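Coming up is one lone chain in structure tokens, specifically the form predicted on its own.
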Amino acid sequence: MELDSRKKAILYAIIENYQETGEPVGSRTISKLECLNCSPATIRNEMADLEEMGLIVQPHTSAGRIPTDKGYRLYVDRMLEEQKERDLPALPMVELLGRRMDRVEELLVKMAQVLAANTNYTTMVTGPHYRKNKLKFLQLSPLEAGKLLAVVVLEGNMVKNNIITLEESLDDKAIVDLNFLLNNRLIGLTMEEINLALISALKEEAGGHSRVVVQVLDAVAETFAQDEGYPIYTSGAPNIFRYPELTGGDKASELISTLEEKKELGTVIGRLSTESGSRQDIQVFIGDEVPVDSMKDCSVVTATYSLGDGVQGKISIIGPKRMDYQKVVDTLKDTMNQLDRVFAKEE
């Protein structure tokens, strides 16, 4: 069955009406829209087709229709495509980031609060992490027999001591040679730049000590991973009580518990985001696309902010599936643009 322009218009009208009221939408409501110029009977037929296509559903007998996840996805994809083509409107939060605050933490806390108040949804902001952090220094030192101390230092003086259990014996000269080789080839590189080709070359140059090189590189990778730990700021959790579809039964308490588990929530949001998109990309995840059972009735809109010099973090807006996607996307886009302007000035 073809989704023609009239069916799309009716679907979008159902979604926008449901966004405003939270009530199932009937054919008489849609037929009153002048832009459609269709009778209630025609609307009913088109709605039956949309239901058959899995884009809307009738939650109760004799009730109107509400959008499905599939219907929302069609609507959101169109909205995101059109958003690329249009100018961003001036938003009331434009003064939020007019100056650079003394502490980044203060800025991020304020940003979470204002976004929650501005959208009436829940906001989560992850603290900045250094996607482009580089290896500053590496020192291998002998310990007791069969053990080696690997001290890994990243820029910003992130230090981790790693004890490596050797599968072979190393004399002092071998340790000096490995120190020279690894520092000569790895200093100044990010984790992304330590690729398979480089690892293969290092193992070849290390000769009989290639296994030690692999163990040291594992320690380096672990240090970079530790550097990825970051704080998470949330605001607006009580906003979920504005939306009846999120508060029935145990839904509200389960969702609040999820929002309180900040570390786990941050991991989920990180998994949602793709690495392939540009930094300015905004992504929307609807219902079952969110890999948390308590959030299946939610949508999550994410964006990546930048504080310059490779320092990045995530902004996420969490709300019901009937959230005002256009307002959320515009607000996130405006926030990122403000951050760019503020930190570009400082640089």
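Start at 1 with the first residue shown and count on from there. A quick note: this is a predicted structure, and the numbers were derived from the prediction, not measured.
FYI, the form predicted together with the DNA isn't displayed, but the following is about it.
The three marked residues, Lys134, Lys147 and Val153, fail to reach the DNA in the predicted bound form, with no heavy atom of any inside 4.5 Å. Of the candidate stretches 297-305, 281-289, 25-33, 317-325, only 25-33 contains residues with a heavy atom within 4.5 Å of the DNA in the predicted bound form. Put simply, Leu50 is far from the DNA in the predicted bound form: not one heavy atom of it is within 4.5 Å.
Contact check for Lys70: no non-hydrogen atom falls within 4.5 Å of the DNA in the predicted bound form. Heavy atoms of Gln312 never reach within 4.5 Å of the DNA in the predicted bound form, leaving it off the interface. In the predicted bound form, the DNA lies within 4.5 Å of some heavy atom of Arg6. Along 52-81, these residues reach a heavy atom to within 4.5 Å of the DNA in the predicted bound form: Gln58, His60, Thr61, Ser62, Ala63, Gly64, Arg65.
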